[in-house]
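Only one chain is shown below, in C-alpha cells, and it's the form predicted on its own.
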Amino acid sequence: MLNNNRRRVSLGLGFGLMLIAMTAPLYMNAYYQSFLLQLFMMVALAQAWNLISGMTGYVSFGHTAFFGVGAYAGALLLLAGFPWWLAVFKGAGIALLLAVPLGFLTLRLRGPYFAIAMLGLNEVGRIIATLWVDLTRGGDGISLAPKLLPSLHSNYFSMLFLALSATLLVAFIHRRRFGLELRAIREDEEAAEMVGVNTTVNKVMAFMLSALIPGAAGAVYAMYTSYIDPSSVFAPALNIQMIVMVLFGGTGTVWGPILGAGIVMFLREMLWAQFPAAHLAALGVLLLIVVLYLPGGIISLFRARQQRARPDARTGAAP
C-alpha cells in the first residue's frame, strides 16, 4: 500500500513538474528560460553520472569528456551543413561510439584508479581540442553564425527532452534486472560474478548509456551558447557539479539527481550574483558537508520519514 502511494505521489509530482516546464516559455522571459535550460542540462548530466557512478559504483571524474566530444561534434556538423537536430543526434552517437572501446579499457580499473583514468581522459580531450587546430580551431574556439542556430525555444525543449529522457532511462533501469545487477556490482563485484552476473557487459552498457546523454547535451549546449572552446566544454568544474548534485540529492536514486540539481542550481545562481569569485568554493564546502553529515543525500531524509510513518506489520501501530 505504501509503495503504491509513493508511486502515485511520484507520478503526480513528475506530471506537475513536466506541466510547469512545458508551459514556462509562455510566461517567462529569456533570462528565466535560460536558467531552466541550464537546469535541465544539469539534470541530464547528473542522471548520466548517476547511472555509472551512483548505480554501478564506478566514480567518474571525467564524464565531461563526453560532453566536450558532443559539443565539438555538434558544432562541426552544424558548420558542415547538417540540420541542428541531426547534428545533436550524431553528436550523441559519436560520444556513444567513443565510449565502447574506452569502457572496455577503463572499466578494468577500480576505485581511485578508474577515477584518475577518467580525469586523464578529460584532459586528453581538452589537449586534443586545443592542438588539433585544423579541425577544432584550437584555443580560438568555434563560433556559430546565428543563422545556423535553432531558437531559444528549440534549445529549451531539446534540453527538457534530454532531462526527461535521462530520468526515464534511469527509472526504467532501476526497476529492471539490469539495474539490480548494476547495484550488485556496486555492492560487491566479485560476489556478483559468482552468482552469474556478466559484470563486464553490464558495466560497459551502463558506461555507454552514461556517455550518450552528455554527448547530446554537449551538442545542444554548443548551439545554445553559439561559441565553444576547449576550456569551456572540457571543464573539470562541470564534472564536479555533477558529483555535487548527485551526492546532495542521493546516489543511485531516480529523484536524487533532480532534487540535487534543482537545489544546487538555485544556490549557485544566488552565490554567483553575490560572490562571483567564490561560488565554486562554496560548492566544495557543500559537498564536504553532505559527505560528512548526509551521506545518503537529501532523499535519505524523506526515506527516513517514510520508515517512521510505516505502520508495524504485526501491531498496526507506528514504530
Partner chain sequence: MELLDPAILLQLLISGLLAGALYALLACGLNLVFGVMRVINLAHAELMLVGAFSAYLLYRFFGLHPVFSLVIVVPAVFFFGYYLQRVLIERVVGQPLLSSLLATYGVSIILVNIGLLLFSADYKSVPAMQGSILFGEIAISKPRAVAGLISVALTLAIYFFLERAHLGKAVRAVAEQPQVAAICGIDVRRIRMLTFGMAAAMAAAAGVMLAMIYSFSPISGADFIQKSFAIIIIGGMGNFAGALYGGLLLGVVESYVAGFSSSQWAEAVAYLLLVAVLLIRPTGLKGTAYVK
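Positions refer to the first chain, counted from 1. For clarity, every value in this text was computed on a predicted model and none was experimentally measured.
There is also a form predicted together with the partner chain; it is not shown, and the following applies to it.
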Counting only non-hydrogen atoms, the one stretch of 83-91, 165-173, 68-76, 115-123 within 4.5 angstroms of the partner chain in the predicted bound form is 115-123
*asked:* Even though the partner isn't displayed, in the predicted bound form is residue 255 close enough to the partner chain, meaning a heavy atom within 4.5 Å?
replied: no
Check whether residue 247 has any heavy atom within 4.5 Å of a heavy atom of the partner chain in the predicted bound form, and answer yes or no. yes
So in the predicted bound form, is the partner chain close enough to residue 105 to count as touching (4.5 Å, heavy atoms)?
yes
> Any of the heavy atoms of residue 240 lying within 4.5 Å of the partner chain in the predicted bound form?
Replying inline: yes
Residues in 52-90 that come within 4.5 Å of the partner chain in the predicted bound form by at least one heavy atom, in order, are 59, 61
